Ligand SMILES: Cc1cc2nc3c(=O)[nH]c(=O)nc-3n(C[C@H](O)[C@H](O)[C@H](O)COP(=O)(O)OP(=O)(O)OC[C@H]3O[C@@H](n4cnc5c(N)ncnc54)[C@H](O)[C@@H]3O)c2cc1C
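Next comes just one chain, in structure tokens: the form predicted alone.
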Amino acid sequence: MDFTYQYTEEQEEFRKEVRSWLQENIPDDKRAPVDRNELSDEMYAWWREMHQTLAEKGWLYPTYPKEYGGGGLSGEHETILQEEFRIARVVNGFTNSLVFPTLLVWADDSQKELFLKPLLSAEKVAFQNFSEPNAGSDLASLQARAIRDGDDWLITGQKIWISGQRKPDLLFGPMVTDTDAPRHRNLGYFMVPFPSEGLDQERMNLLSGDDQSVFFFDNVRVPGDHLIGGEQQGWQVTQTTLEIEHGGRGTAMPQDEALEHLLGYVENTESAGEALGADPLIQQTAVEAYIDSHVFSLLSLRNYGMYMARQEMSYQGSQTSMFGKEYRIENADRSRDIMGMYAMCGIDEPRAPYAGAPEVYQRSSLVGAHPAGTIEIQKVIIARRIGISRTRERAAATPSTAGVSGV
């Protein structure tokens, strides 16, 4: 049985249009580097403008509503765009796209005009503003406070491990609005402008690079209309963000460049005068890597299909997230087993295979075990949703299940 998706003639014409345009408009020296965090200032500025151009064409965020700057296109179009963007090494949008479903579900019309429209059109950039020094996996333990001051709010606290290139225009996430209320009923979800008086950013130099920051809030004034949802509804709003982050939207076109590099290395490298792939142990290791990668792809595609079909989801997002975190670490180990220390040669090493991409993968596979909830957190969510935990829960509302136009 052939499971390969068969594109229509019209869809293939769209692919030709996209491929031709990308070839003509993206110079070789502006294509994404091997380490996506190693963008020069010049490249970053160039891509900020290019993202606006792609947004105007409806290609940057293709399935979101046209009225707010999206493309209004189908899931098939999104899949084609992702395939062609990968081939052309297009740098993805700098906004953390988890904010889009959240705003579609919870923002009122004026807030969608104020926030969603400039973000989808790439005029502004937003970072996810969730974790704190003492609240990451247990997000309900947040300490950053938002206090009413007339029609505004004054925010004081600290956020850490905030991912994003350079500087944002907005920070989105929950803050404590009522210290007397119980957990899960004491938060508000804010869109915080940056820069703002009393708000400072410090970059962090981590294993993954310097694309994460600490933000310090000292009585940062935020207008009242920057609160998304009710002032004690922040946990519910946050759950919509997390539902997507945990894998609830799936992926239109799962990519595994690391697997392609691993298989290419096995096929094209010789050891002791014969192909590396002739070794039965290496064959077995490579096949195990291939199987795990394709299991993850199928899980991601299943979720994407369910999301686009507006089917109610339960454990599926966290199941995919958990498996993805585990298999990437395992495949990084397999890469070291096969490539040896060449897998640890960085982008500046002349003998690094695939220009150092395997070394980038070694670091990213470890770092990737933590964002969007650790492996242990995903197991807890799965247990709660299949009914084997002390507590039970249902999936949070998303644009798909909330009946919002554009997903």
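Please read these numbers as outputs of a predicted model, since none were measured by experiment. Numbering starts at 1 and runs along the sequence shown.
Beyond the structure shown, there is the form predicted together with the ligand, which is absent from this document and is the topic of what follows.
So in the model of the complex, does residue 41 come within 4.5 Å of the ligand, heavy atom to heavy atom?
No, no contact at 4.5 Å.
I'd like to know if residue 66 sits close to the ligand in the model of the complex, meaning any non-hydrogen atom pair within 4.5 angstroms.
Flag for residue 66 set to no.
4.5 Å heavy atom contact, residue 323 and the ligand in the model of the complex
The answer is no: residue 323 has no heavy atom within 4.5 Å of the ligand.
Close approach of residue 380 to the ligand in the model of the complex, 4.5 Å, heavy atom
The answer is yes: residue 380 has a heavy atom within 4.5 Å of the ligand.
So which of 370, 31, 36, 57 reaches within 4.5 angstroms of the ligand in the model of the complex, heavy atom to heavy atom?
That would be 370.
So which of 140, 88, 147, 206 reaches within 4.5 angstroms of the ligand in the model of the complex, heavy atom to heavy atom?
It is 206.
Contact segment among 215-223, 181-189, 260-268, 157-165, judged by heavy atoms lying within 4.5 Å of the ligand in the model of the complex:
Selected range: 157-165.
Which residues, if any, of 110-129 lie within 4.5 Å of the ligand in the model of the complex when only heavy atoms count?
Heavy-atom contacts within 4.5 Å come from 128, 129.
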